[in-house]
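Two versions of one and the same chain are coming, encoded as structure tokens; call them structure 1 and structure 2.
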Structure 1
């Protein structure tokens, strides 16, 4: 990927009446980068995608694409491909006709259009279905046609608006991997919009977690999961156990926190008296006194539920008014519901956030 931004979003804001949908959004993407806008409904991710596409005009801010200022440029001049959730295919055209639609609008020579259609259909493995009507295709095949149509015009950036959400789970998971591989192989620059965290983790070079019209955190998937910058990013990406507490002692690189369930330590210094949120992930937790080390936090609780999921079991432990999920290998014997247990996890895997960061 090049050092210079291929797609630049600077200070973009959008309001509808009294509601602020986007607030001072900054986002730079390198050529060939795959970035996902992740967040709950109403967080502004689809509006930002539509601003990039030119379908919505921002109230403030600028947009650049491949070195051009496109802030005031209409959609058809931005050289942007869009794949919608509904695919937006034309039922009266066959597969080739749908793929050729944007090329025909450019009034390219017929032979050139046919060659581009053949090439892009081969790319998505649909060359044998060129003459098939859209209504005769499966959901996965229609998604490929929509992708081929977007790629046929050789866009500077491809935008995906919940493009896989209409597929069933198994097909969606397969398409995530295949689409990622395809876009990477052709060096495409792409922006995905999704509310599905697993899809975001699978598809992305970086993920922008959006919350209330702002980017809460922008990071690669591993950093976002392992070291979320905010309480909201923690809550939206992956499972977690969270307790409210107050810092009662602070020393370099360590905070001691009193919670309703017991005292915990976290590897980050907060001022004594600070109200905080303490958290950890299920895969870092373990059961039983015998598994505790000198660098572990531990709390006592009661097993409230056990869920077997094949390769793993999830043991839910009630600790006061909170619930901590412990992830165990599926073949391990889980404790019976109602049994009292000790749950431990490394201090190094303890996350801490200011209480005002609560979503």
Structure 2
């Protein structure tokens, strides 16, 4: 089984009554890989995490972990570590007691347990707090205890259920970088669940964008950002400028789309007559006729706002009912509010998707 995935999810579905929460999910992870399940609340990401942990049983599909079929295995035999959103630390135990919990259950020799607890606490920089009761810890410290407790049993996979969301922004950003370094250094395989796209981009080797119980796209952060597979993936990760339109002409590798704001070209063939969404990332857009090349899309708009930020200015342009914010170097003169401008971007950086409402 050398080429089998370390964590293999195959055709997993879950229904609660009439509601389908997960619909034939496939996900293969390599050993040591960090994958984020990203999506809005209700997309099924937490349920999928709980299925992997064994806390929820899938209706269909199979799960394998570290070479074992764990589909019907209860959580206490799976060897998974979970860091819960509420941390779920044991209030009747101190820091070391929490970290030692799983090790005590394995009936390891006392000296070995103590050595392991010390090592794991050092890993999360909490050696000094081993004897503290849980209620005497800050949120960030509790988060580290929860992580240490999950790592202590050397799980085959560590699962993070919105584990950083309770921390304040500054601490969360520092923790993202530190956690990634820590997990990489010990070679841990981890699945994160989050609705925070920045967290997903920072933490993951690959991101699974989830939408209505399905994985819309599973890709590395750069591909996900540059080449979103669906309009949902586009709108959920990063800023985007979107217009809806209809394909009026097409040939291999090109579609011509009529939108309310004007005609655009996209580097992908769609059936003539189909309703589509055309989009680009704002950073590809530039202002003015002079910079337009033959391979560019262009639209006319009105400057609705200008924000000077020192190194750059943000020029918000109204095009039809959509707004596109274009960055300009701070030194160059921004057009006055209300002036008519032309916005352009390369056809190669134009994205096209079937209109929403389709599967």
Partner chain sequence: MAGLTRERRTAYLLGLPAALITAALFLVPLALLFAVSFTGADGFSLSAYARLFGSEHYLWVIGNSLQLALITTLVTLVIAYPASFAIARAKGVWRSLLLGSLLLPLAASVIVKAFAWTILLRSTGIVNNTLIALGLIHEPIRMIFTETALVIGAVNVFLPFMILPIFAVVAQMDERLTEAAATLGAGPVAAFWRVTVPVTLPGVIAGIALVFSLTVSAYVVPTLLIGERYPTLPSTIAKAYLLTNEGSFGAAAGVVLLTIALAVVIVSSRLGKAPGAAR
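Predicted model only: the values in this text are computed from it and were never measured. Under this definition, the rigid core comprises the largest set of C-alpha atoms superposing within 1.5 Å between the forms. Positions refer to the first chain, counted from 1.
Between the two renderings of this chain, the form predicted together with its partner chain is found in structure 2; structure 1 comes from elsewhere.
Remark: with the core as the superposition reference, the CA shift of residue 205 between structure 1 and structure 2 stays below 2 Å. Superposition of the core reveals a Cα shift of less than 2 Å for residue 268 between structure 1 and structure 2. Residue 133 is among the residues whose C-alpha shifts by 2 Å or more between structure 1 and structure 2 once the rigid core is aligned. For residue 309, the displacement of the CA atom between structure 1 and structure 2, after superposition on the rigid core, amounts to 5.3 Å. Core superposition gives residue 92 a CA displacement of 3.6 Å between structure 1 and structure 2.
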